[in-house]
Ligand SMILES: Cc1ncc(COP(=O)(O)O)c(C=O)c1O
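Starting off, we have a lone chain in the form predicted on its own, written out as structure tokens.
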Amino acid sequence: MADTKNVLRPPTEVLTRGFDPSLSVGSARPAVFRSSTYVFSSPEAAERAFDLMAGRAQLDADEQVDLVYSRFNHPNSQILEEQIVPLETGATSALVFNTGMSAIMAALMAYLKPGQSVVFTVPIYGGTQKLIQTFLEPWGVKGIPVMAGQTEAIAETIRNAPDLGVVLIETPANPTVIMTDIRKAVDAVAERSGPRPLVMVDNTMMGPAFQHPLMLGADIVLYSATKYLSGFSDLLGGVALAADAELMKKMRSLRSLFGTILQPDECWMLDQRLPTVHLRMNKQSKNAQRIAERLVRHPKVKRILYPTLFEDAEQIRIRLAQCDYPGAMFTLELKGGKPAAFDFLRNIRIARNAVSLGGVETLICHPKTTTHSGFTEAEFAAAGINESQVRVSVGIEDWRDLLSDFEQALEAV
């Protein structure tokens, strides 16, 4: 009989992979395991578990290893890591973390060492930029920012960066929605001589539903699972995935050392939501496109940053080559600067003035004074972030109600 597991499609695998009901007293869905420590089946099993955990031994095919301690792994993390893999096209292995920043931190710390450099696109999530500038640079890693979307400039920077260890791309950029060509960055890495740098992509803004970095040659994909993967603005989490499972080993060791594994309850909650990621994101993307393409004509709107409204030929090319759908994020630029942006935020009724993104509820914020407020004026200018911008993460409400809400708030500006 053929092995049906090899032909299961992602929507099926995300509900069946990595979970054995017999280990959960017959439960149809995974239970929550809150244990901090686990009983070994034998002294030999304990020795084997520690050898594997420390990297002194290799896991045999189909080997079942005893659990050790929940800082290293636990049933809910193992189930989640198995079931999240099918969502990321091309992935074979995943690790879960207690925040998105923990995932980014582990990835960079695992593959950078003092004296190396990291090329990163800007704008990028403010926390990521501060991690590079305030922690990694004093530690001896040189951060080299390059403007997102500038394909040739990015390639040239990658080719010439000294002792390059990592290329970190966030695409679309937060909050300007500028897209960076992942494939061209991978090609530029291949042109270098010597040890090959890793290409890491923060795919939080577009999500696994609409963009597939591993299929474009990226080595590691990073997520704030707090956002679209969870979708309900009620838990924190991070995920790293790779096509080459070997790449996860260094990160796993650091996660164990730092104690940044995602806790059992959050793993359980997140796992329950994985089957609805595509359903939610498709609805959110359709809502965002309908709203953005109507609001762009409003007399108080200067412009809207959204993939279907790109005018730059290079951005249009990247979007068509790289993304299945335009996504649920857009940024309004209002006429009237910061006062107009704040008036708009004061007058929204359905959408909520809050940071974060990817929830089923629509969230709106002013990036320059919130998520990216730690930037210098020079960094704001380089990143294309200004006082008139309002970032919108569209939810699953009826798009017509949201449009009316935005329109009435604009009239109050």
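Here the structure is a predicted model, which is why all the values come from computation and not from measurement. When you see a residue number, it is the position in the sequence shown, counting from 1.
There is another form of this protein, the form predicted in complex with this ligand, and it is not shown here; the text below is about that form.
S.K.: In the predicted bound form, is there a heavy atom of this ligand that lies within 4.5 Å of any heavy atom of S253, even though the partner is absent here?
M.R.: The answer is no: S253 has no heavy atom within 4.5 Å of this ligand.
S.K.: According to a 4.5 angstroms non-hydrogen atom cut-off, is M205 in contact with this ligand in the predicted bound form?
M.R.: Close contact exists here: in the predicted bound form, M205 approaches this ligand to within 4.5 Å, heavy atoms only.
S.K.: Q211 versus this ligand, in the predicted bound form: is there a non-hydrogen atom within 4.5 Å?
M.R.: Answer no; every heavy atom of Q211 is more than 4.5 Å from this ligand in the predicted bound form.
S.K.: With the cut-off set at 4.5 Å between non-hydrogen atoms, does Q284 touch this ligand in the predicted bound form?
M.R.: No, no contact at 4.5 Å.
S.K.: If contact means any heavy atom within 4.5 Å, which of 186 to 194, 294 to 302, 263 to 271, 222 to 230 contacts this ligand in the predicted bound form?
M.R.: It is 222 to 230 that comes within 4.5 Å of the partner.
S.K.: Going by heavy atom distances of 4.5 angstroms or less, which of E81, E88, E170, D181 would be at the interface with this ligand in the predicted bound form?
M.R.: The residue from E81, E88, E170, D181 that makes the contact is E170.
S.K.: Let me know the one among V122, A161, M101, A243 whose heavy atoms come within 4.5 Å of this ligand in the predicted bound form, would you?
M.R.: Among V122, A161, M101, A243, a heavy atom within 4.5 Å of this ligand in the predicted bound form occurs only for M101.
S.K.: Which residues from 330 to 368 come close to this ligand in the predicted bound form, meaning a heavy atom within 4.5 Å?
M.R.: Heavy-atom contacts within 4.5 Å come from L357 alone.
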